[in-house]
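In structure tokens, one chain follows: the form predicted alone.
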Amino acid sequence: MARVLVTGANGFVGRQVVEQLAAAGHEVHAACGRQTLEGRALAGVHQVDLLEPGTPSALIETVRPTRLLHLAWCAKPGVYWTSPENIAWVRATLELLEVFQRTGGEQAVLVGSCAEYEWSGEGVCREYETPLQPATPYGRCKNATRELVELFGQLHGIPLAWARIFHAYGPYEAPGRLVPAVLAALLKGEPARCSHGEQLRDLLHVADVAAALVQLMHSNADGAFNIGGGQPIRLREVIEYLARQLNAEHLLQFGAIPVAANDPPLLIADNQRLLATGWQPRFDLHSGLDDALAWWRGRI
């Protein structure tokens, strides 16, 4: 069993990662921001601000992890795409990685994004074929970090997996995103204003996203991996399914929200590299949406 440090442990994906690692018997140390992780059987919960100079080094020196899962990054909806904080996270990530390697760290999984890819192509993203031409500060900083992480691993001979997450949904998702936004309206008996919904996306339940990150750690993976289901899902299908479960189809208002000019019609992951590690999703679309609905029903 490994001594694992998880940053961003109180986040949307981080919560699931922590639970799965603990269930597998690892010694789990959770690094959180303002909120803590209560009620979990962890070796340590470290409430730290990783953007404070010297904090990443101090955290690694304290925990001395053999494995690192670095999920922390700015993620506030509506802000993170253009926030100057993205640059600060590049610096903090490199500091974490440098001290991790120096103190005997064996392998790390770091989280990237589908926003690193160029989105005006065919829409099926392949790790080592699709151009990396991010259009936002967030995507550019993630991709710049990936380049430096890749070089760092090569120079130091340490396996470093770069996990590009596509479209996760499920418990603890930010309220303004598609699934919780639609459910919030429908559960209140209010109209759900949507775009036309014809976009094709790669949706994956957050528990399966977390399982993919854990599998990358267990398999000592190195290099870039797409984290997605690999199947195009029409957003309209997602919205209509949720509405049917609540007998609220009459509340759907498709076309009420315009589609952004840079919104690609198709954006999905080629996940063959991930599947080759032995990972398989536990949820299909309907069982995953049922799980999300059950969680949100008690909170809206």
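Predicted, not measured: the structure shown is a model, and the values here were computed from it. Residue numbers run from 1 along the displayed sequence.
One more form of this protein, predicted together with another copy of the chain, exists but is not displayed; see below.
For the candidate spot formed by R140, A144 and Q154, every residue has a non-hydrogen atom within 4.5 angstroms of another copy of the chain in the predicted complex. Judged by heavy atoms within 4.5 Å of another copy of the chain in the predicted complex, the contact stretch among the candidates 146-154, 113-121, 168-176, 182-190 is 146-154. For the residues Q47, S57, Q253, Q231, the 4.5 Å heavy atom test against another copy of the chain in the predicted complex is passed only by S57. With a 4.5 Å cutoff on heavy atoms, S219 does not count as touching another copy of the chain in the predicted complex; it lies far away. The closest non-hydrogen atom of R91 lies within 4.5 Å of another copy of the chain in the predicted complex. Another copy of the chain is not shown here, and in the predicted complex it never comes within 4.5 Å of any heavy atom of E127. At the 4.5 Å threshold, heavy atoms of S83 reach another copy of the chain in the predicted complex.
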